[in-house]
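Form predicted alone, single chain, as structure tokens, below.
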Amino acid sequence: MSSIAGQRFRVLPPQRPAGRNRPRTTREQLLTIGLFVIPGAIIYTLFLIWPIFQAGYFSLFKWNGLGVPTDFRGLENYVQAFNHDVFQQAITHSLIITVLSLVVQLPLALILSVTIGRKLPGRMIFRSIFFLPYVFSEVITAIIWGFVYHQNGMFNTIFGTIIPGYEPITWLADRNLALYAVFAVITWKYFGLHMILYMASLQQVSSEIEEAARIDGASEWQVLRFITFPMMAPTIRLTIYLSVLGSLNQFVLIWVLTAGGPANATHVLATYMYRFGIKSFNLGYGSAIAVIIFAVCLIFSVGYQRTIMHRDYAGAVE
């Protein structure tokens, strides 16, 4: 007994039954991740990455889209594009639409969101009315506004009724008016989307902070400038990003309304690519224009996200 009492006994921890609560191995984790990631990566590569490289390859040839490209031209398509006066006009028109979107469309959406966001009676009805144009497809929108801009359309009829001696205006046939008439349609269609985004951001702004500022003597403009708008800044930066990219890639509305006319007065980058590339069966040249558009959008996207939106990403990570 004494020898048994003098021995030390070690209590072993209870063993888990085999196969229960066993931690996953690295191989199993990688397999699970691969099952979810690989299908999407394949689709992304086939329908986005591969076409980009194809466009870059075809842009080095004079090619009509039939058969295998053999007439190698190097960078001649790019040189031809930048020397083409219509392409230069298309760049200018794209920049004009982009600038107008930033200085007209977004401020209009921001003002309306603040106006009907909280205090206006029946604001749900106004939200639906202003957002409704965005629901329409671009083709339907262009057809509707084609009738509105017609020589016997709504605008000329209204102006002819209220203005004595009014002469009907050919809105889409005047080289000086066509681009701005098209921009009005773009604004009508898309400002409702930005307004809804601003209104959603406005709901995150604390009304108690705004009320405290008013009690301290701040005017309504000061409340908006120093409290409301700064707290909406992430959404404002996002809408600027979306607006610029959308303006640079605008196609359907302009093509259905004017097809780039009159006399190339409304051509933008995308319509120029379609008119002088795809429609002219010059797909090598069209591929070069597509590469240029892609490069412009990529440079802006990366630069804007790194310099302007990086603070929003950092806040999201934190």
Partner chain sequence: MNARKWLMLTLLIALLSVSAAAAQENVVVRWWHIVTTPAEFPVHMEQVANDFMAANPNVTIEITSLENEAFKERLATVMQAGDPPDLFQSWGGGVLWNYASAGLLRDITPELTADGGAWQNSFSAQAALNLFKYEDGYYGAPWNFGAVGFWYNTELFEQAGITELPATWDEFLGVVQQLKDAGITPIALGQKDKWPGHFWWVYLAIRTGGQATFEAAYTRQGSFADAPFVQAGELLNQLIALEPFQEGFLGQTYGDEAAAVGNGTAAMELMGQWAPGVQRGNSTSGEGIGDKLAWFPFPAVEGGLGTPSDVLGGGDGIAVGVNAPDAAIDFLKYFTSAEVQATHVEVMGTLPTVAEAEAGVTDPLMQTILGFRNNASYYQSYYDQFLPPAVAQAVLDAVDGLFNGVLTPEEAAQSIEDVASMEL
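Quick caveat: nothing in here was measured; it's all calculated off a predicted structure. Positions refer to the first chain, counted from 1.
Not pictured, yet referred to below: the form predicted together with its partner chain.
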Since only the chain is shown here, I'm wondering whether V223 would be in contact with its partner chain in the predicted complex (any heavy atom pair within 4.5 Å). no
Taking 4.5 angstroms as the cut-off for heavy atoms, does T170 touch its partner chain in the predicted complex? yes
Would F281 sit within 4.5 Å of its partner chain in the predicted complex, counting heavy atoms only? yes
Can you tell me if F61 lies within 4.5 angstroms of its partner chain in the predicted complex, counting non-hydrogen atoms only? no
Pull the contact list for 73 to 87: residues with a heavy atom within 4.5 Å of its partner chain in the predicted complex, in sequence order. Q80
